[in-house]
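Just one chain is shown here, as structure tokens, and it is the form predicted on its own.
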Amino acid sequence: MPTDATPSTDQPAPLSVPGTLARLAGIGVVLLFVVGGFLYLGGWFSPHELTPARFVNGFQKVFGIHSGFRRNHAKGMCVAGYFDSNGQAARWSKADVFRPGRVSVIGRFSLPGGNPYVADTPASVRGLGLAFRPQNGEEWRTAMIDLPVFVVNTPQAFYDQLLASKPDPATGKPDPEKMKAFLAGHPETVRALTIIKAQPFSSGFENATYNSLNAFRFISASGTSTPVRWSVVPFDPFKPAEPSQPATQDRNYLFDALIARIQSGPVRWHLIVTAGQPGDPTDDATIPWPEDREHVDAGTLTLDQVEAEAPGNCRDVNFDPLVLPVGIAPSDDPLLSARSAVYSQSFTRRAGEKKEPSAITPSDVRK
């Protein structure tokens, strides 16, 4: 994927029981795919409560085990290209990737969840993992989704929400009572969902904006630390997704469209870095920073190659958000170490399993 997706004290107006259950079921489906959209969780868990292994077991409980695939964001496709830095971010970070020049990039587009054969839908949260590879060997990896905020702010909340979102085999939807109980205890999630629902999904992978959501710190050559978040903003114009998938479209229509787009010419994004100010939260991905914060266009990401997952390409890359070069450091967001730990656990499990063919085969898509 997975894939990917801000409290009020006012009492809501009474609702009918059927209406309430329907609404909760709908929220549960959104949460499942939103949280699935950023399932790069791991972290420092209490050894007596939540461990990386238990977290990955939770994904397997919800999605099942698909041999050789990621436990989340299982459905995906490899891309490659390069990043042209314009040097504008070098004043904030001494990382080589931000010096003027070009570095190679390998990436992966994905959808949330542990099912590699899930059908694409208009409201699918999209993921983009990137590995920037400067010649000095200091690799930078980042995993982003096309949501403005995340829906939880602690590893425990993520895990609890994951289990609450497990679909009931009889209905195909989460148990509304479990979801109601989860939301009652997590006003930050309710707040984040309000922000997410106000922003329409794009029509495809190629015209979506992907956000880091978690905060990091850039370290300058002089040692100055700046809190940052980053996004990749498409050159292709935004077009909202149709509210429903036409019956004529196949299960891979989002991926097919991206493949055709790359085959017709390179796809580009601006790498936009946003600097936080004192008081801006760096430990809570459910809260957006104010729009008036300083933004810097650090350069252009170009993706011009596409291929099915296979040995030696993105299939074997763990897009751990804590693989950072000198000049970029983690913030105090507890989700970062959580993501790193769980990614590692997932990678270890799938590395020892028989590899099944990728669900996406670009060579089958005609220009």
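In this text, all values refer to a predicted model and were calculated from it rather than measured experimentally. Note that residue numbering begins at 1 and tracks the sequence as displayed.
The following text describes the form predicted together with a small molecule, which does not appear among the structures shown.
Of the candidate stretches 231-239, 189-197, 261-269, 142-150, only 142-150 has residues with heavy atoms within 4.5 Å of the small molecule in the predicted complex. None of the heavy atoms of Ser203 is located within 4.5 Å of the small molecule in the predicted complex. When contacts are judged by a 4.5 Å heavy atom cut-off, Asn72 counts as touching the small molecule in the predicted complex. In the predicted complex, at least one heavy atom of Pro155 sits within 4.5 Å of a heavy atom of the small molecule. In the predicted complex, none of the heavy atoms of Leu254 sits within 4.5 Å of a heavy atom of the small molecule.
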